[in-house]
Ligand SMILES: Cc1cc2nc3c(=O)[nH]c(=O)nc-3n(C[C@H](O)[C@H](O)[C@H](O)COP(=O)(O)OP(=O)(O)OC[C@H]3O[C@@H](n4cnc5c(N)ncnc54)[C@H](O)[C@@H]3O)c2cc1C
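The chain below stands alone, shown as structure tokens; this is the form predicted on its own.
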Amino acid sequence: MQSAKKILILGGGFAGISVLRQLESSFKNNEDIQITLVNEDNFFLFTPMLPELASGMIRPSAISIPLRMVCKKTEFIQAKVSSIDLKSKLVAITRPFDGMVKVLSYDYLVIAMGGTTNFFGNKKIEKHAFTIKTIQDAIGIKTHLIHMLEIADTEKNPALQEKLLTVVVVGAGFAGVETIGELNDFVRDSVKSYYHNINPENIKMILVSANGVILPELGEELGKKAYESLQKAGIRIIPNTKAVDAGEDFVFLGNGETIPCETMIWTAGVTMDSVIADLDCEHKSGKIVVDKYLKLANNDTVFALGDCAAITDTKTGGLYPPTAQHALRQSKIVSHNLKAMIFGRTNLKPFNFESKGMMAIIGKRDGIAKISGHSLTGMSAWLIWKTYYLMMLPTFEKKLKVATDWTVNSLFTRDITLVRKIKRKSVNHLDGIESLDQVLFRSETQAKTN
């Protein structure tokens, strides 16, 4: 009797989950196909709304979907990918809470692992900066800002109050612009409603851009309009410079300026996980190079998509950008081609996609968008952003939660409850834990014996 084909998906973001859902739909009644998903968190995170989570506009549960909700046929394993052996078709994974190592075999592999924050080797900035890529990041930023507001409200020294209320966001792409816009509204609204001993003039919101414009993906004209809108909202933009050093209470810029502050948020770079970088295959900009069918060259059993894949746009010669809409389109190609490979067909589809548009919210009821060649600004762009991303949420429950949060927070002031200490028990001593070397040695020995 022929054994079942094993499909292993690494990564539970937009790319991985989209492939999973399409494969489950295709193979829901097929017992000859086994699908396994590995992800370090046990939930899918809707990352476009992280800035709104950091500002208290929405709750964590509204943009996180437990992966077991979407794994109807699929086995889910919460673990970190430790290594990938393409020759042996083995993937080593490590359970996060106790370090237990396990090795999974596969017939077909889908690599959809996202990137990690790139500090470009600057250890001081890495130590002192917040990032905004996870739920923990967003909650940490919100908690920290409320803490700063509480201290500033009791501080009589204007210079110290200003330092407590200075927020520096480094990076003027979508994440940086949306973050500074959300936090600016949150801090200013909170001061107006609750912190009556704070002088609003001491609130300093600063966006640092390495370029002369912000949101360069949207073009110079829209970038200029976004620039003007942020300035009108009270945000200072420092163009053509980079953050080169930082401490507990300052950021030092490449133009020689030192900014006293207690809050720096880094959104200026993304790099690949070491597992991706160390993979025995061709790389470009640290990403896995794939062909037009999103397969590794000369390997018909391994696909890569999303942030970790270097996919060449034949029209421009550059790489496709790592956006959610591209990941969703790539997932359709991967699922189709993977099914074709399994059934021995030759009707593979190449990936070819032209973006429908890009957009960002830059403040309260203010946005900017470029859709099908048309430029939009103000409330109309803001409404389109809200509608589009609300519809993109995977379940009706999450759509309802986000819509409810938006409605409530448009009618009332945002919550400033400060949760300071959370107890967490660690599990470090379980019998039967093996090191990665032990597991790999045992697997190789068994393979030779067989």
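Keep in mind that this is a model prediction, so the values were computed, not measured. When you see a residue number, it is the position in the sequence shown, counting from 1.
Note that the form predicted in complex with the ligand isn't included here; everything after this is about it.
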Can Y389 be called a contact residue for the ligand in the predicted bound form at 4.5 Å between heavy atoms?
yes
| query | Should D405 be counted as a contact of the ligand in the predicted bound form, where contact means heavy atoms within 4.5 Å? | reply | no
Q) Should L50 be counted as a contact of the ligand in the predicted bound form, where contact means heavy atoms within 4.5 Å? A) yes
Handout entry: Interface membership of N202, the ligand in the predicted bound form, 4.5 Å heavy atom rule
Key = no
Please determine whether each residue of L8, D32 and L104 possesses a non-hydrogen atom within 4.5 angstroms of the ligand in the predicted bound form.
no
None of V334, I362, A112, V169 but one has a heavy atom within 4.5 Å of the ligand in the predicted bound form; the exception is A112
Partner-free chain; cross-checking the ligand in the predicted bound form, the single residue of K80, K89, K163, K370 with a heavy atom within 4.5 Å is K80
Within 4.5 Å of the ligand in the predicted bound form, heavy atom basis, the matching stretch of 193-201, 127-135, 284-292, 150-158 is 127-135
Contacts from 187-217 to the ligand in the predicted bound form (any heavy atom within 4.5 Å), listed N to C, are none
